[in-house]
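We begin with a single chain expressed as structure tokens, specifically the form predicted alone.
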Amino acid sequence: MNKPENKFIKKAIKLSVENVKKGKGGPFGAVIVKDNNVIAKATNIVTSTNDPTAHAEIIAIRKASKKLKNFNLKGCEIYASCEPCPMCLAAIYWAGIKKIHYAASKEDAEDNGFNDKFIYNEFAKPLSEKKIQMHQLFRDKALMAFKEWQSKEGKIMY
């Protein structure tokens, strides 16, 4: 049986393989679908753009948001050639995408040199134990922006 999602995940996988051949970035592809229609597709272009955030899922989210003229991708699903990394997973949540379909696992990615386990581990550590030092400065001054936000009329919540 050829389910609709099969063609979308196959497209994401095809994009990932083509991306390796083109040398644009890592072996990752993503497709965003709404109402059974492809809204956006993308590949990882980290190395060709020198942008560490240019993962396939992130680029696909940017394209879909632009096409739909909305930062909320409610009603969309994402098909990824690999289980999303922590950054992409967070972006998927922020975008309001409710379903993720993926092919390769994060363990498959790790077996091929893409290890995100250390990031998941870092998230769980207390601030004092993180590899990247975090130092808070001028909190009271920064809170002024939130105060302005609270009193702003017509603000768009997200």
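Residue positions are given as counts along the sequence shown, with the first one as 1. As the structure is a prediction and not an experimental result, all values here were calculated from the model.
Below, we refer to the form predicted together with a further copy of the same chain, which is not included among the displayed structures.
Visitor: With a cut-off of 4.5 Å between heavy atoms, is A40 one of the residues that contacts a further copy of the same chain in the predicted bound form?
Guide: Output for A40 is no: heavy atoms all beyond 4.5 Å of a further copy of the same chain.
Visitor: Tell me, yes or no, whether V33 is in contact with a further copy of the same chain in the predicted bound form, where a contact means a heavy atom of each within 4.5 Å.
Guide: No.
Visitor: Check whether S105 has any heavy atom within 4.5 Å of a heavy atom of a further copy of the same chain in the predicted bound form, and answer yes or no.
Guide: Yes, S105 sits close enough to a further copy of the same chain in the predicted bound form that at least one of its heavy atoms falls within 4.5 Å.
Visitor: Taking a further copy of the same chain as it sits in the predicted bound form, is G75 in contact with it (heavy atom to heavy atom, 4.5 Å or less)?
Guide: Flag for G75 set to no.
Visitor: Check each residue of 70 to 109 against a further copy of the same chain in the predicted bound form and list those with a heavy atom within 4.5 Å, in sequence order.
Guide: Result: N70, F71, S81, C82, E83, P84, C85, P86, M87, L89, A90, A91, I92, Y93, W94, A95, I97, K98, K99, I100, H101, Y102, A103, A104, S105, D108, A109.
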